[in-house]
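First, one chain by itself in structure tokens, the form predicted on its own.
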């Protein structure tokens, strides 16, 4: 299959489609028979404009729901449209009708399509009181025509599918990127458009300790345009051997301040949002849900829960990065491993993979002064070594870079990577999904956006 064009993030309305929904949609409408479908979508604010968040796909059955059209070749049946629009109204979701055209890198609506929209969408918008519109796709391109409740009409700037390669589909490929002399050596691999993609991204790092400090350093040097730094802790003496570019003068300073200073040293042009709060605080979540990607480098179950909720409800992909050094009470070292877990919307979440413990989450949510007293067993600092942190962080950032510029060989590779340095093993783990999960399925919070409560 031909490689898809690299399209840097665009300004304006966007539609994000979870990978499993995209696979079903493209199989249905891009197959040998022309068929239609409807996406129901939540709404959220994004880093470059409003975001539609595909939550559910309704497939039109050929011959019953997708029938010969009065004006064009085929059209959605009136009863199918009526039922879908009423659902959109009742559930407070956008209605997006989807079909396919022939072609590869370019796509647009036909005159018959646009005339159909002008006849029908004002009425559908009045009925639903929500955004209504249409999406037309090829395998490598997508275009959208949106009708807003206030009467305005907007084009869809891009359609995003956060799969193994994060796809950004436009109606036509982006124009050639501008050369960047500072990043010339890496742009020889990533391409000028790949480098431009990094420059336009807004990326969060939650947890700025041993792993997080490495992530910030690497993301800034790569040329990521904006970093959101979240951590409420201050630097302690025992942090210094693992905290990149820190010194004794930093003891007692906020980790966000130290991370921001290092990011500016690495890239003076980087835009920084510093939040010296825990991730569940409203000011943290407000910034987190408007990111393109999240790195979770904090150990606590609360951080895992809130980031997991953001991934699923707001369709923001994330990478969870961690290092485990098990020790017995006698001091014997167990199987050390590092984990780099890709957390994608609708493809299995941290709750499904049993990586959030309800009891520890409850303890972690206590106020700071009560947290230690609520522990059943007094906490003992876990071992931590910078070289192990480097192994995990490097894997995570490499995956991120390849994903956003489309360099992974397999777009459907969503596996986590587990390194076991003592045995020099490297294994892949596929995500698991509970079909009744309240977070990563359409029966739960998937794609609800701001319609769902936040905090979750």
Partner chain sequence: METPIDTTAKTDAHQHVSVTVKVNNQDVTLPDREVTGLEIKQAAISQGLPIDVGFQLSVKRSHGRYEVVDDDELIRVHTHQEFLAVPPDDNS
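Just so it is clear, the structure is predicted and the values come from calculations on it, not from any experiment. Positions refer to the first chain, counted from 1.
We do not show the form predicted together with the partner chain, though everything after this point is about it.
Listed stretches are 192-200, 284-292, 303-311, 84-92; the contact stretch with the partner chain in the predicted bound form is 84-92, by a heavy atom cutoff of 4.5 Å. Between the partner chain and the residues 172, 335, 238, 123, the one pair within 4.5 Å by heavy atoms in the predicted bound form involves 123. The contact with the partner chain in the predicted bound form, taken as any heavy atom within 4.5 Å, belongs to 117 out of 341, 140, 221, 117. The partner chain is not shown here, but in the predicted bound form it comes within 4.5 Å of a heavy atom of residue 79.
Of the heavy atoms in residue 66, some are within 4.5 Å of the partner chain in the predicted bound form.
The partner chain is not drawn, but in the predicted bound form it has a heavy atom within 4.5 Å of residue 110. Taking the partner from elsewhere, residue 153 is found to have every heavy atom lying beyond 4.5 Å of the partner chain in the predicted bound form.
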